[in-house]
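One chain comes next, on its own, written out as structure tokens in the form predicted on its own.
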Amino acid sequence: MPTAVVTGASRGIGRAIARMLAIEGYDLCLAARSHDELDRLSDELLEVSSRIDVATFGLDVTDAVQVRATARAIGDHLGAVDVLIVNAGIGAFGAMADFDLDTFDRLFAVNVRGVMLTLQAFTPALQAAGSGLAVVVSSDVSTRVFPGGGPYCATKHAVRALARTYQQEHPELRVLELRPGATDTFFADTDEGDAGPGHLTADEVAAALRGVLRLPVHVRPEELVVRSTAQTPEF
């Protein structure tokens, strides 16, 4: 069975990707801060496919000790990781002139430090798979900016730099930057379903990724941007 790890798996895009991977037949290790939600998701996925194995781990991706311990535990459980979904992230918006500095620090801790720690910790398991794929979920704003989005966009620009550099430093692996546009999820203190028209659903983002996962292992997917046709095509 192919194996996959998903961080930030309890909600939104992470949850949708976990569900897609279960349907595709992956044994799964799911990590997020909310262990209760992960347990409910695990039960749901085992109903989708009784052939797979699902393990859950409570994880704060900003905590280096936790990340490394979780990676060791998952390595012991799976042996190798074919697909790593680096998805945990948060959003916060506002004008830079009065942006709360604690919120600024939290954005960078989760969105940038968390990505760095996760890639570091899971490198051995990806290498053990032979041609492991690391999917770093960033955003379509990893190459652009907008008023009110300065700190958030800065984190995604940083994530893009980490993903591209990681690929150069590990040519034996495959690294995909997944860049969804506006998506209806639990994001920036909103509830899923509140976004209104013009947004992708999390399942649509997961469906786009499914096509990438079905590519032959000698194909190196490097970047995937997916947006609703109702979103302005900004670059």
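Keep in mind that this is a model prediction, so the values were computed, not measured. Numbering starts at 1 and follows the sequence shown.
Quick note: we don't show the form predicted together with a small molecule, though the next part is all about it.
Q: Can you check whether Arg72 is within 4.5 Å of the small molecule in the predicted bound form, heavy atom basis?
A: So Arg72 does not count as contacting the small molecule.
Q: Indicate whether the small molecule has at least one heavy atom within 4.5 Å of a heavy atom of Asp203 in the predicted bound form.
A: Because no heavy atom of Asp203 falls inside 4.5 Å of the small molecule in the predicted bound form, the answer is no.
Q: Verify the contact flag for Arg106: yes if a non-hydrogen atom of it lies within 4.5 Å of a non-hydrogen atom of the small molecule in the predicted bound form, no if not.
A: Contact with the small molecule, yes.
Q: Quick check on Ile13: any heavy atom within 4.5 Å of the small molecule in the predicted bound form?
A: Taking the distances in the predicted bound form, the answer for Ile13 is yes, it comes within 4.5 Å of the small molecule.
Q: Which residue, Ser49, Ser34, Gln167, Ser42, is the contact with the small molecule in the predicted bound form, using a 4.5 Å heavy atom cutoff?
A: So the residue touching the small molecule in the predicted bound form, by this definition, is Ser34.
Q: Work out which of Ala125, Ala163, Val110, Leu117 lies within 4.5 Å of the small molecule in the predicted bound form, going by heavy atoms.
A: Of the listed residues, the single hit is Val110.
Q: Sort through 127-135, 149-157, 74-82, 97-105 and report the only stretch with a non-hydrogen atom within 4.5 Å of the small molecule in the predicted bound form.
A: Correct option: 149-157.
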